[in-house]
Ligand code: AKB
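A single chain comes next, written as structure tokens; it is the form predicted alone.
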Amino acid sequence: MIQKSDKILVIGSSGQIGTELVQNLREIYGISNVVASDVKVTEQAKEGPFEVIDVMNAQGLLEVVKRHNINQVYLLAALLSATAEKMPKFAWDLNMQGLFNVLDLAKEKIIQKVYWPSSIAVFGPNTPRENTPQFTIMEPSTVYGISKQAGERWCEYYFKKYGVDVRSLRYPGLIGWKSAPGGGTTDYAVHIFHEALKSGSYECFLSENTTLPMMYMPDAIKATIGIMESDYQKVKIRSSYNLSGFSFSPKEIALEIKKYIPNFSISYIPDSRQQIADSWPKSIDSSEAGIDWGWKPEYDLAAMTKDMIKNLKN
């Protein structure tokens, strides 16, 4: 195990990304150097340092940071796309105030480094949908996307104005087996595996040919830690980097699953999430991340499907 002196706080640690990120960071930095936190006590409290934090409470956040001598913060707390549409004002307040509270800690030199995730939700219906470039039209049509686009601008502003070392990735849809999905439009790609193994069928809330960019969680974790551990000079984009793994439709993932569960069947009843999905890219150009700090995904659809089914069966 590599032992490092950094003290890390992961806010929103019990979500889909945080669950696996905390495990990986503790393997690198040591259990005692990585503090998990969420708005309520979770199972992670049994595994290492844990704090209950409401990221909108700036004073409470400051007290935790000082108590643990934190110098790196991974801010994952947010309301995701489909959930945010049901509570737009709360989603905006949580997603934006939490970011300001953390950026201000870095501005005041209380912490040294910030990670904040963006999303393909920053793109909108007028964005080029094939191989979406790093710099392009952004007219997001969801509360989540609007908050992420605004967050990107603030991250870049804090970097240029105050020298804050903030780093960010625009995640595509994320697929993992270690935790439950958190209310996103791409979550069908996680649910489909659970239902395939449990009942042999799945009712999809997107139409069969809705192609979206996706990524397997091990690649997402690798990219997240990779950008944070990259040399300061190599991180040239301080809004957020495009990140991509592979793209597929519900029909295509169903065909992959049928290789392992031949009797699996899928039906399609699109709901309100279809409109969100239709405003997002089909594929992403992440070449800037590859050029600047060496990003390269390991998994494609076939490798991800095989690994998901193996692990969920176990």
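Just count from 1 along the sequence shown to find any residue number. All of these numbers come straight from a predicted model, not from anything done at the bench.
Below, we turn to the form predicted together with 2-amino-3-ketobutyric acid, even though it does not appear here.
Q: Can you pick out, from L80, A189, A223, L94, the residue that has a heavy atom within 4.5 Å of 2-amino-3-ketobutyric acid in the predicted bound form?
A: Selected residue: L80.
Q: Using a 4.5 Å heavy atom cut-off, which residue among S168, N242, T185, S147 comes into contact with 2-amino-3-ketobutyric acid in the predicted bound form?
A: In short, T185.
Q: From the candidate stretches 102 to 110, 126 to 134, 151 to 159, 168 to 176, select the single one in contact with 2-amino-3-ketobutyric acid in the predicted bound form, where contact means a heavy atom within 4.5 Å.
A: Every other range fails; the passing one is 168 to 176.
Q: Quick one: does I120 come within 4.5 Å of 2-amino-3-ketobutyric acid in the predicted bound form, counting heavy atoms only?
A: Output for I120 is yes: heavy atoms within 4.5 Å of 2-amino-3-ketobutyric acid.
Q: Heavy atoms within 4.5 Å of 2-amino-3-ketobutyric acid in the predicted bound form is the criterion; list the residues of 271 to 286 that meet it.
A: Residue within 4.5 Å: W280 only.
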